[in-house]
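One chain follows as structure tokens, the form predicted on its own.
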């Protein structure tokens, strides 16, 4: 299974990030967390005091700083000008404003180029996001689209936030997820949708272990068919 690119797309809290990370471990592959890229630019823009509605100023942030993304111990690390910001990009303010970057056609196109550069030359890459199988890697070997019932996704996100000390209500989380889905599905560039040749996996009633095993079976089956 050399020179392999596997994309995993899907809405928020569908389980794609955890599944992609664990699948990368099982396949000894590089893990590309595209959300981390958008968060990194968001963090840099916030620190620079840039108006998040000014696309040209945001492009300037991308041009004037050095962003480095690497896989270490199967996890993706993020550096800005040589400084590790892997933890900082998960701050609530960054999460809340990352959609500005994701909704910008020019920035999104630039980040797609960076995603392709990340995967170039690597034997195996598992990449997750919202447009990986449709835009970033349309010729990927295998494409997955993970989905789950909206209520289940909200429950998962609440459990995740509570594990970190969060106290948000299920209703508030559900609304945030619904709003994010609408934004992702309606944007003009790289909208959230399964690729025409994607394998759709409903994770509602599956444990993360079961999801990974299902994906791994598909990978082995499709690679064997091609070999």
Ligand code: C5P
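The shown structure was predicted, so the numbers you read here are calculated from the model rather than taken from an experiment. Positions refer to the first chain, counted from 1.
We do not show the form predicted in complex with ligand C5P, though everything after this point is about it.
Given the stretches 198-206, 167-175, 54-62, 32-40, which is the single one in contact with ligand C5P in the predicted complex, using a heavy atom cutoff of 4.5 Å?
Every other range fails; the passing one is 32-40.
Position in contact with ligand C5P when the complex is considered in the predicted complex, options 98, 85, 107, 148, heavy atoms within 4.5 Å
The residue in contact is 98.
Just one of 180, 193, 26, 47 has a heavy atom within 4.5 angstroms of ligand C5P in the predicted complex, so which one?
When ligand C5P is considered in the predicted complex, the option within 4.5 Å is 180.
Does any heavy atom of residue 90 come within 4.5 Å of a heavy atom of ligand C5P in the predicted complex?
Because a heavy atom of residue 90 falls inside 4.5 Å of ligand C5P in the predicted complex, the answer is yes.
In the predicted complex, which residues of 126-140 put a heavy atom within 4.5 Å of ligand C5P?
In sequence order, 129, 130, 131, 132 come within 4.5 Å of the partner.
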